[in-house]
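Encoded as structure tokens, the following chain is the form predicted alone, with no partner shown.
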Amino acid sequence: MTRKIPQSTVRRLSHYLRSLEGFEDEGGTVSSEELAARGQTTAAQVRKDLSHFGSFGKRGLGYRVDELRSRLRHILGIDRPWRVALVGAGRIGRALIEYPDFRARGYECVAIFDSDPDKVGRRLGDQTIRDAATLEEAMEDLQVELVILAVPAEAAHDVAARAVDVGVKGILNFAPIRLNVPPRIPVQDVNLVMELEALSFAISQAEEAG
């Protein structure tokens, strides 16, 4: 059975990796205290997060930067390339494709789809936007593994079901709706309004406490 790792832990692993990538001495060592300071957490939390995945470093000596970075890349699944399709060439989709870290992290956009005739045939990045009606055939041919949904809520369920039918492994969902997909398909929801609500909540709580 696959272990259930808290999403908060996964997010912190990403922060740890980015911190490690900022160390100039790749062959040197880093302590849990140093990682904690860079990730705005505690040394105990660093050790607890890493303990989910086995033994790291040596007590009193810290972690080798290059080894820990390599293991975190493996844990996060970015030690290999991923073939990605974007469905929805609107503002969110365009921003994602133009984000420099997208390709740098190994996410290769191999296809972009949209249902708007005015967008189909235009270039976005190094791809020509395809008609969403061709989604199944193109995804199978291109062996798409991950799908980014940047479509309206009313279209999200249908597009997700079509993508699942042709064998995608996971979905990053920007549509403001919960997708109904088989349990074997991981879905990561990104709701910008909810993130802003969490931010305004944190500010409100701090103001009331202060």
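In this text, the rigid core denotes the largest set of C-alpha atoms whose superposition between the two forms falls within 1.5 Å. Just count from 1 along the sequence shown to find any residue number. Only a predicted model underlies this, so the values are computations on that prediction, with no experimental measurement involved.
The protein also exists as the form predicted together with another copy of the chain; that form is not presented, and the subsequent description refers to it.
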Check all three, 78, 102 and 178, heavy atom within 4.5 Å of another copy of the chain in the predicted bound form: yes
With another copy of the chain left out of view, choose which of 110, 129, 135, 92 has a non-hydrogen atom within 4.5 angstroms of it in the predicted bound form. 92
Tell me, yes or no, whether residue 118 is in contact with another copy of the chain in the predicted bound form, where a contact means a heavy atom of each within 4.5 Å. no
Contact test in the predicted bound form: residue 17 vs another copy of the chain, heavy atoms, 4.5 Å: yes
is_contact(residue 39, another copy of the chain) in the predicted bound form, heavy atom dist at most 4.5 Å: yes
Find out whether any non-hydrogen atom of residue 174 is located within 4.5 angstroms of another copy of the chain in the predicted bound form, and reply yes or no. yes
Note that another copy of the chain is not shown here; using its position in the predicted bound form, name the residues of 111 to 148 with a heavy atom within 4.5 Å of it, in sequence order. 146
Once you line up the core, how about residue 192: does its CA shift reach 2 Å between the shown form and the other one? no
